[in-house]
Ligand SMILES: CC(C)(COP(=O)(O)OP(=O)(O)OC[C@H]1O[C@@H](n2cnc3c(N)ncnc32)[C@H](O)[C@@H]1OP(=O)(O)O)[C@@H](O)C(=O)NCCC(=O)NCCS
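In the form predicted alone, a lone chain appears below as structure tokens.
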Amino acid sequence: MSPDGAGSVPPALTVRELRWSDFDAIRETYLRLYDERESNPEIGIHLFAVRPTYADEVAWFANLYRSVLSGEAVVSVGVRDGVVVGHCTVRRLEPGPDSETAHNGVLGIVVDAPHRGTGVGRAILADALRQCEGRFEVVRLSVFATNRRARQLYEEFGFVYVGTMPRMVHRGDRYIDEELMVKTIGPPNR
């Protein structure tokens, strides 16, 4: 593995850009997280108290897709046996030419539970960060303090810990801290 954490793509996995036809698979993976939260309250993603409606999900995906087309976001999709099994998104913090923070990207990643630990997350993260070159100077993320495996992966890719947001997530009868991490990519091509 190279020093920046990038490795080879796992066998039988294709990594590609987002397609409009990915909506149903990405939506289904996301909605399964609500069931997973019931058995694993520390699942490391922010969820709404109630599952979003179909209309909400269509609006979210349309906005994401529009952001990709306009260059305000990058999305790497992992496909195994013709099925989308994960995606990694980096969206511009504040789009627009007048924003003083437009050089920042915010990273999010989701891998369907049966495919975690198989290299999918590593592959889509590497591809998303490659796409960030020339678009973002800094990429930041937050990770549940309880999610050591994810934090280790981010560190392998050069993300560094910059602080903790105590009690960021209130889930059930407990609070979960979030750790902030950043990676400097370099100046964008202007």
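Note that residue numbering begins at 1 and tracks the sequence as displayed. Just so it is clear, the structure is predicted and the values come from calculations on it, not from any experiment.
This next part talks about the form predicted in complex with the ligand, which is not shown.
Student: Heavy atoms within 4.5 Å of the ligand in the predicted complex: which stretch in 147 to 155, 51 to 59, 64 to 72, 132 to 140 meets that?
Tutor: Within 4.5 Å of the partner lies stretch 147 to 155.
Student: Would you check, heavy atoms only and a 4.5 Å threshold, whether residue 96 touches the ligand in the predicted complex?
Tutor: Answer no; every heavy atom of residue 96 is more than 4.5 Å from the ligand in the predicted complex.
Student: Would you check, heavy atoms only and a 4.5 Å threshold, whether residue 118 touches the ligand in the predicted complex?
Tutor: Taking the distances in the predicted complex, the answer for residue 118 is yes, it comes within 4.5 Å of the ligand.
Student: I'd like to check something about residue 110: if you look in the predicted complex, is any of its heavy atoms closer than or equal to 4.5 Å to a heavy atom of the ligand?
Tutor: Residue 110: contacts the ligand in the predicted complex.
Student: Within a 4.5 Å heavy atom cut-off, is residue 47 in contact with the ligand in the predicted complex?
Tutor: No, residue 47 is distant from the partner.
Student: Does any residue in 22 to 43 get within 4.5 Å of the ligand in the predicted complex, counting heavy atoms only, and if so which ones?
Tutor: Going through 22 to 43 in order - heavy atoms within 4.5 Å of the ligand in the predicted complex - there is one hit, 43.
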